[in-house]
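Presented below, as structure tokens, is a lone chain in the form predicted alone.
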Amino acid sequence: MSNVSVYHETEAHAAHHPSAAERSDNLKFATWLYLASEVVIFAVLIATYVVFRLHNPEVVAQFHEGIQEWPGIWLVSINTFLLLSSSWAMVMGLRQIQLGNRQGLIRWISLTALLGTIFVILQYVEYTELSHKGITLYYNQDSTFTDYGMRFYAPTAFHGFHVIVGVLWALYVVFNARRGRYTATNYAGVEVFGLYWHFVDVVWIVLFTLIYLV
């Protein structure tokens, strides 16, 4: 085989097998597209809540009065702090693998998964308390919040589902890290997870502000 043939075969092989940087860029682009679709879904859920709120201010006012007691707004505030802390832990984990510290990545992403798990548990506690106040998904003619329940649970529970997915994803990142699949020059999988987790965090800030504070 001539040198020219070998050269052309090498070029063809390179054309069909993108570099690590190209694969990373493609993966990030696909993730951004996915997150864009999620933005649309959350926007619809949030808009539905806003419309209901504008037409039923007295119901929302009663909800705000009801959550002023413990655990209410305090529990949700603690949960918000935990989720913000989990994003910080994720950033620290990414920083560690960029420095070539695989064990540091494992520790910080494990912390991210732990904080996310606590968030979901406390959200369940919140839902239990709210159900005692009559805020449920099912119809209850004796409750002021009969129509409010669906508007409240749809965006918050959908977000909670995303947190659960994020926790499982974090554990998958930890699993891959233990197997040595990430290095100081190959950490696209961690970056993509970080994009998703930051998205979940930002959405919660919007929900927390709109539903609980404003």
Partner chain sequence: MADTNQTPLEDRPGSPTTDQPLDPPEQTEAPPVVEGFAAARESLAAAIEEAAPAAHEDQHAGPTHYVGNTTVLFGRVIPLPVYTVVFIALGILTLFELALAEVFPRGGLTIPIMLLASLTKAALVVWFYMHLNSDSRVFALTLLIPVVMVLLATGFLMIVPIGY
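Numbering follows the first chain given and starts at 1. Here the structure is a predicted model, which is why all the values come from computation and not from measurement.
The protein also exists as the form predicted in complex with the partner chain; that form is not presented, and the subsequent description refers to it.
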Assess the spot marked by Leu33, Thr80 and Leu210: is the partner chain within 4.5 Å of a heavy atom from every one of these residues in the model of the complex? yes
Is Val165 near the partner chain? Define near as a heavy atom within 4.5 Å, in the model of the complex. no
Is Arg181 close to the partner chain in the model of the complex, meaning a heavy atom pair under 4.5 Å apart or at it? no
Does the partner chain get within 4.5 angstroms of any non-hydrogen atom of Phe161 in the model of the complex? no
According to a 4.5 angstroms non-hydrogen atom cut-off, is Leu99 in contact with the partner chain in the model of the complex? yes
Out of Met92, Leu111, Leu122, Leu130, which one falls within 4.5 Å of the partner chain in the model of the complex, going by heavy atoms? Met92
Can you name the residues of 44-66 that have a non-hydrogen atom within 4.5 angstroms of the partner chain in the model of the complex? Ala47, Val50, Val51, Arg53, Leu54, His55, His64
